[in-house]
Every structure is written in C-alpha cells, then in structure tokens.
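Okay, so here's just one chain, in structure tokens, the form predicted alone.
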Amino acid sequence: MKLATALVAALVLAALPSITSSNYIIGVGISALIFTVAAAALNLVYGFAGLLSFAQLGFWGIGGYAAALTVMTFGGSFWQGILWAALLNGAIALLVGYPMLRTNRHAFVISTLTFALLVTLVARDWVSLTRGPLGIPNLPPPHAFGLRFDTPAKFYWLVWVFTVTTISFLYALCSSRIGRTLVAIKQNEPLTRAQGISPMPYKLAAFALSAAITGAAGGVYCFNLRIIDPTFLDFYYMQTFLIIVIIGGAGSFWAVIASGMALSALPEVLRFSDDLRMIIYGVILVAAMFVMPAGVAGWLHERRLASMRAALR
C-alpha cells in the first residue's frame, strides 16, 4: 500500500511542469525534491543509526563546491561533478567518521558540529580555491543526450529522476537486513554486540552513505541556484533537514519523505502574509511538536494502537 501510494505521488510530481508553467512553483518543487533527498539521507544516520550528525551541513557544502569546481575549474561535466561530490564526501566521511564514532554520543554531536563550522571557514577563507565571499557564479546548465537542462521545467525533470533514484536506493537499504541491523544498534547496542554484531562498520557505512547522498544533493542544488558561495553553508539548510526528519518521525522512512515535501512547500503557501509568514510557520512547527512529539509516524502509530485497544474492549 505504501509503495503504491509513493508511486502515484511520484508520478503526480513528475507531471508538475505539465500542470503549471509558473517558474516559481516549479522552483519550489525543485527545492522540495532536493531537500527531501537530503532529509532522507539525514534520516539514515539519525533515524536509523541513532546518530545526530550536524556534519550533514558540511557534506552539503563540500558537495556543492566539489560539483561547481569540477565544472568551472577542472573542465569536467555536471555529471562528473555530482559523482565527485558523492565520492569525495564518502571518503571524507570515512576519514573523519571513524574517530568521531569512537567517542560517546554527546562528543559525536559536538564533533560533527565542529566539522560543519570548519567547512564553512574553509569555504570563506580559502579564496584561491573557492573565491571566498565572491563565490563561483554562472554555473552552466547540465546537458546530456543532446538536451540542455536550461529551463526550470527541464531541470525539474532531472531533479525528479535524481530524487526517485536516490529515494529508491535508500528505501531498499533501509528495508533490508542492514537497515534492521542499524535500528537494532540504535535501540540496544550492548545486546547487538552480544549477538556477535560489531556496530562500528554499520555506523560508519551509514555515516559515509549519508554523506555521499547529501553531497550529491548539494551538488545538484548549487546548479539549480547557478552560483555557490559561503552562504550555501548557512545553518538554515541543516535546520530544514532536521525539522523535516523530526516532524516526519525519525526512523520512519515514508513519513520523512512526506514531511519533506510538505514542509518544503509550507513557507511558500504562507506567503499570503509576508510579515508574519515565518512566525506562522514557527507556530505550526511548535504546535506540531506538542501534538505529535514523536512525529507524524509516531502519532499515527499511537492512533492505530488506540483503535486496536478500543476494538478489543
């Protein structure tokens, strides 16, 4: 049932450029798709492995800069840039993740936050590579098979394919034995060790895969903006990914995907009030957390249990 619903939703989203000619609405759709991918990658490491990682912001920025530099400095293509963004982030995650994961949970959170801040400083101060505050403008539109994705509608379809492919991969991973093992490690690591399972390889693999996917998403997003500069590492992005996961319900795959699409569009729906838009958005988020402290998935689970109890009386 969930897969059928997801397939219908994906087909509806694919038709967005055919439904509307508004570049603004299509742009909102592009952002929603990319943010949902980044949130799903965060859900892998936070929701399934139980590791709150602020390093995602750093991986997001590294991915964007890696893709942009591949095209603008090293003469590569957009596709090579996205590949390098994923591979570079995966390698960096393995390198920094191993010592980070050997610490306790609180130290891990601080370490990942420090990493994100360090990447921001590098983007701002390594002027010879990143051009510092000037950034790297005029990123060319991607092209493939004789097509140039130089309009919002064309770029939307490219992002749609990227999103569907990435989410399909993450779903296969999270619903496999590997995903169930990650959940077991999150819930009771000592018991998992007693069963002869070493948590470190699973945690490190989740951290690296999440970094690679986040980096690829950052690479795609910077080509949507057609520019990258240090503001690409603004904490707004990390805040957005984390809110999507928390509201959807950390560890619930489809609820996070639905939350990503809804919350990415919500600020735009509230544009009827420019002055109060973000205040209303904040009030809605706070109210949602009061009503659903375990997220949408947790709230639905509680309702199902309540209905089952009522039926047994």
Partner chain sequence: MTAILSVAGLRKSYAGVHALDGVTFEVEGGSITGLIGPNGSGKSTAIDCISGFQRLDAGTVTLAGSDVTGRPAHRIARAGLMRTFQTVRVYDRLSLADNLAIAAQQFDPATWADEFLRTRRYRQAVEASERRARELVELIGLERYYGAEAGILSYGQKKLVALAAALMPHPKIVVLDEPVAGVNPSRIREIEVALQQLNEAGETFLIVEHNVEFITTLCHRVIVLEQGRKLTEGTAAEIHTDPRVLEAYLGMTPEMVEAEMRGAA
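Numbering follows the first chain given and starts at 1. Note that this is a predicted model, so its numbers are computed, not measured. Between two forms, the rigid core is the largest collection of C-alphas that superpose within 1.5 Å.
Below, we turn to the form predicted in complex with its partner chain, even though it does not appear here.
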Give a yes or no for P201: in the predicted bound form, does one of its heavy atoms lie within 4.5 Å of a heavy atom belonging to its partner chain? yes
Give a yes/no on whether V164 approaches its partner chain to within 4.5 Å in the predicted bound form, heavy atoms considered. no
So, in the predicted bound form, is F74 in contact with its partner chain at a 4.5 angstroms heavy atom limit? no
Is G146 close to its partner chain in the predicted bound form, meaning a heavy atom pair under 4.5 Å apart or at it? no
Three residues, F169, T181 and A194; all within 4.5 Å of its partner chain in the predicted bound form via heavy atoms? yes
Hey, of 131 to 139, 172 to 180, 150 to 158, 214 to 222, which bit sits against its partner chain in the predicted bound form at 4.5 Å between non-hydrogen atoms? 172 to 180
Spell out whether the Cα of A306 moves at least 2 Å between the shown form and the other one when the two forms are superposed on their rigid core. yes
